[in-house]
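Okay, here we've got a single chain as structure tokens, the form predicted alone, with questions on binding and movement later.
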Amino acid sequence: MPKKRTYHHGDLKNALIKAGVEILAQDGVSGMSLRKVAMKAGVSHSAPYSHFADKQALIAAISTEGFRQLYERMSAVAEGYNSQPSKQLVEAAWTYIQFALDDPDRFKVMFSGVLEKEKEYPEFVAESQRNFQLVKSIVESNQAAGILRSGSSDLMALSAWGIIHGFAMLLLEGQIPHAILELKSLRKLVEFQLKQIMLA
């Protein structure tokens, strides 16, 4: 019988989240259970319940941690280019694409809509909203600089996010034609997407 692993405080939760991401990527939501997650993490069947009440709680944790990591990466870039709005916009978008490419399984879970009753997970709601507010602040800086058209920063942020997120999903699903990928680098393609909403 395989020996169960022992974890220091905090390590078990992260191990369960990692196992959950892998199972979701391979088997989907219907194929995931806390029992299967425990087995993959090499712990007892009851171990996950010390951190997660049910499967939805684990999905919420996976998504919350993903949004936290995404915010950390994008906010660092936003601060680094605080005095250069257009550069800030491009670098933030590129960071978003890189995040999707670095952790595609988690990225897909974050935006899959499989989390039911989102409002029952306030930490998830807070992290996802924090990301949108960051996009909005970047958009407002670009509006003030005359790079993006004026108007509702909420709607413009939604447009900018939609363009880059759509590109990320097409990329992850292998739906961008090879002829286009061979024409320009990924970064140049991201810049081209943003130029569609820029005034200059």
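Each residue number is its position in the shown sequence, starting from 1. Because the structure is predicted, anything quoted here is derived from the model rather than measured.
Not pictured, yet referred to below: the form predicted together with another copy of the chain.
Peer 1: When the contact criterion is heavy atoms within 4.5 Å, does Ser33 count as touching another copy of the chain in the model of the complex?
Peer 2: Output for Ser33 is no: heavy atoms all beyond 4.5 Å of another copy of the chain.
Peer 1: Could you tell me if Phe111 has a non-hydrogen atom within 4.5 Å of another copy of the chain in the model of the complex?
Peer 2: Yes, contact at 4.5 Å.
Peer 1: With a 4.5 Å heavy atom cut-off, would you call Ala25 a contact of another copy of the chain in the model of the complex?
Peer 2: Contact with another copy of the chain, no.
Peer 1: Can you check whether Leu155 is within 4.5 Å of another copy of the chain in the model of the complex, heavy atom basis?
Peer 2: Leu155: yes, in contact with another copy of the chain in the model of the complex.
Peer 1: Taking another copy of the chain in the model of the complex as the reference, which of Lys40, Arg68, His51, His165 has a non-hydrogen atom within 4.5 Å?
Peer 2: Contact residue from the list: His165.
Peer 1: Taking another copy of the chain in the model of the complex, would Phe124, Ser128 and Pro177 all count as contacting it (heavy atom within 4.5 Å)?
Peer 2: Yes, because Phe124, Ser128 and Pro177 each have a heavy atom that approaches another copy of the chain to within 4.5 Å in the model of the complex.
Peer 1: Taking heavy atoms and a 4.5 Å limit, what residues of 161-198 are near another copy of the chain in the model of the complex?
Peer 2: Those in contact are Trp161, Gly162, Ile163, His165, Gly166, Phe167, Met169, Leu170, Glu173, Gly174, Gln175, Ile176, Pro177, His178, Ile180, Lys184, Leu189, Phe192, Gln193, Lys195, Gln196, Ile197, Met198.
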